[in-house]
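First, one chain by itself: the form predicted on its own, in structure tokens.
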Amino acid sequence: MYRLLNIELHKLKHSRSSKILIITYFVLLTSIALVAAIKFDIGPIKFHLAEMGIFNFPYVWHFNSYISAIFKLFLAIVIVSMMSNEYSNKTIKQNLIDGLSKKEFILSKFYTVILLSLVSTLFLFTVSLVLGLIFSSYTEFSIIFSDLEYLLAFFVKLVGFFSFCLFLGILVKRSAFALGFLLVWQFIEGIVFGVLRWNTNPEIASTIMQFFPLNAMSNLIKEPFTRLSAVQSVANQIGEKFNFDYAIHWYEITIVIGWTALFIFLSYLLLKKRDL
């Protein structure tokens, strides 16, 4: 494992564009802290996001995981480019000539996906913990480390999404087309959902759509905004109630893990049958 991972890290180290994208990604994760600086007054109304409780434990794990997942496209570009460069630079053929099997080649890419996802999760944990300790109204040990399952969901979501990108990179070979296919697939899932809602009802449509890859990954971490106490207070005043399910469910994680395994397996089959 270390040997395979070391090969990929060496390639990333010498790729200027990959280094820029990775650095940009982690800078954006850190920029979540800038949300705390958003503060302005409109007459008697004072607006300060940090004081609204977005960094309260354990809500901070949910909020930051959801926001951070938006930035995953930067690492997705790295994953797709990593594969397209293998074809354009002929390094994939050279690796196989040097004794690397096709299975080991796919595993080296998958280990990189896991490493990037793990580092992202640990980084998110650190940033969220610091923000929570600074701004949270609740600092009891039991409260601080509750709801950490959102970090697990974040990790599984990244691994699944990057595995999909890896498969597309092998399938299409060119990064621009692979990313374009990713957007097209998102559009296709949207159309299918619309058709299902039109012909059935929202509940049946959502039940079916939870098995589609991108929708399954999206379902792992639901939107956190309606969970915020300030939002719920306003809703209660106008007679509205939010009874959403914000929990992380085992079957949602299982679906994404299943798609991850399938994407890696299909990547291997595709590479195995392809004449390089």
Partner chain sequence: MDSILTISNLTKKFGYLTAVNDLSFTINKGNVYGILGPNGSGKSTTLGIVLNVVNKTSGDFKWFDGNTTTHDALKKVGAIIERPNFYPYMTAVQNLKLVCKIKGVDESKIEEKLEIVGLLERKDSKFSTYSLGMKQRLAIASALLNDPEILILDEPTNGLDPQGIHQIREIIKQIASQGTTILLASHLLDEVEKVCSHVVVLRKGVNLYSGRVDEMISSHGFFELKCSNIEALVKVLENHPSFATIKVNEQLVTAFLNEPLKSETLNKLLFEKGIVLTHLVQRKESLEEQFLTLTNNQ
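Predicted model only: the values in this text are computed from it and were never measured. Residue numbers count along the first chain shown, from 1.
Beyond the structure shown, there is the form predicted together with the partner chain, which is absent from this document and is the topic of what follows.
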| property | result |
| --- | --- |
| Partner contact for S15 in the predicted complex: the partner chain, 4.5 angstroms, heavy atom | yes |
| Contact label in the predicted complex: N89 to the partner chain, heavy atom within 4.5 Å | yes |
| The partner chain contact in the predicted complex: K102, any heavy atom under 4.5 Å | yes |
| Touches the partner chain in the predicted complex: K93 (any heavy atom, 4.5 Å) | yes |
| Contact segment among 93-101, 152-160, 121-129, 187-195, judged by heavy atoms lying within 4.5 Å of the partner chain in the predicted complex | 93-101 |
